[in-house]
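Quick heads-up: it's one chain on its own, the form predicted on its own, in structure tokens.
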Amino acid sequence: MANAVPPMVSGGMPVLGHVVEMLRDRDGLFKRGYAEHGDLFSIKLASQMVAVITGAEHNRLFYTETDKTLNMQDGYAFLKASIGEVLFTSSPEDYYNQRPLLQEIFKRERMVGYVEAMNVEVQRWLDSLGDSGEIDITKEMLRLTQYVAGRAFIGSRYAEELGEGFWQEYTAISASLDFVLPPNLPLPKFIRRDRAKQKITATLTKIIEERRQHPDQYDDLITILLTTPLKDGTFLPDEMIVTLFMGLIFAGHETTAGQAAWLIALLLQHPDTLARVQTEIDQHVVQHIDGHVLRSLEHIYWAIDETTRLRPSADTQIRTLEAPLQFGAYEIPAGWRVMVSGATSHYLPETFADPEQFDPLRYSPERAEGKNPFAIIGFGGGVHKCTGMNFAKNEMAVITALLFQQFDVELLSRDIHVVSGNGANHPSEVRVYYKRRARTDAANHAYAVGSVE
């Protein structure tokens, strides 16, 4: 039937539809829908109808129709209440007007300074561990990525300028994310969210004023936002600088933390892959990791890509149809939501051999699986691919390279599973035992000693 809507997946409840399962196990829901109906099916979230799509060609249409037939902003109202109306939570006009800022923030020349910040903060973390012990990598990565974001975007005095409670306020914002409940209900988590936003705004407003009074003393994210014109030639007002900064910091550490923790866990679960990574590290990582060293770490980057496929922090993205749109044999009506699904697109056997297996070699030139840019949706796609993707990948590479250069690590946790919710996915506890490796080169540690401020 050319104009039929996609078939409904089984298991819906009266009134609520698939809300409960969507919150508890959306991977299972999406995989069941694919098993029952193939690459297009529908679910019901209370009164909202949603089409879930699978496969590179459907994903391509999803991204190319964004800001045309597909509206990106409506589906993220819950994020707008938490971080404000900026970038993909703002109108299409404002989004494209703000894109030059993102391009300036993440341009290649600035990545040199960001990688330097990654080196310093990762080494500081490793030095704090002592010679041996046990840690939960999931918790450690959340803290470490916060510190990297702080140094990269604020500078070496980020801890002093942001204050001790800054990241606790972000925790309150993360805990408030809820795409089912109206975001302005007088619930405790929403009240805590609004108080946290007020405190974060006060902190950032003070930093903005300092940069405005002494522009020659700084070259950080706030300075970029103050001095880089928008596409229309105007400049961001202070309240929008606060909002954009909040959004970038939130996205920059929240999603990367989960991916970094999964990367370490998956490497520890797969000794053959870890052995190849370890050989690569021993050959190329001596002291300081720069762009040249990063380009030599192909096994680490393949492992990062495979982690994005198997355990994406952003396993789905949402759009709202403003006019009917044909997806394959089905016409999705206006007003429906459309979701891409990493739980199904990333596991297609015609695209990925043995898709359930962690196999970074699938990205080697000899195999080149998943080379269609829309086969994996963990960082978005098309013009809406995450502008900070290279920042995140480089950060994960630096963390992995320095950790396994300096420590032997043993995985203690046996039951590691995805913890999903309304924010970024992350692994459950990843408990490890670590022991410092014997240093064969006295210069191995020189960078950290000379660089940590």
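All values reported here derive from a predicted model rather than from experimental measurement. Just count from 1 along the sequence shown to find any residue number.
This protein has a second form, the form predicted in complex with a small molecule, left out of what is shown; the following refers to that one.
Chemist: Judged by heavy atoms and a 4.5 Å cut-off, are 99, 317 and 377 together in contact with the small molecule in the predicted bound form?
Modeler: Contact check passed for all of 99, 317 and 377.
Chemist: Does residue 339 reach the small molecule in the predicted bound form if we count a contact as any heavy atom within 4.5 Å?
Modeler: Result no; residue 339 lies far from the small molecule in the predicted bound form.
Chemist: Going by a heavy atom distance of 4.5 Å, is residue 392 a contact of the small molecule in the predicted bound form?
Modeler: Result yes; residue 392 sits at the interface with the small molecule in the predicted bound form.
Chemist: Taking the shortest heavy atom distance, is residue 252 within 4.5 Å of the small molecule in the predicted bound form?
Modeler: Looking in the predicted bound form, residue contacts with the small molecule include residue 252, since a heavy atom lies within 4.5 Å.
Chemist: At 4.5 Å between heavy atoms, is residue 396 in contact with the small molecule in the predicted bound form?
Modeler: Judged by the heavy-atom cut-off of 4.5 Å, residue 396 is in contact with the small molecule in the predicted bound form.
Chemist: For the chain shown here without its partner, which stretch in 380-388, 25-33, 38-46, 407-415 has non-hydrogen atoms within 4.5 angstroms of the small molecule in the predicted bound form?
Modeler: Of the options, only 380-388 has residues within 4.5 Å of the partner.
Chemist: Could you work out which of 138, 345, 119, 313 is the residue within 4.5 angstroms of the small molecule in the predicted bound form, going by heavy atoms?
Modeler: Looking at the other structure, the residue within range turns out to be 313.
Chemist: Which residue among 325, 226, 177, 72 has a heavy atom within 4.5 angstroms of the small molecule in the predicted bound form?
Modeler: Flagged contact: 72.
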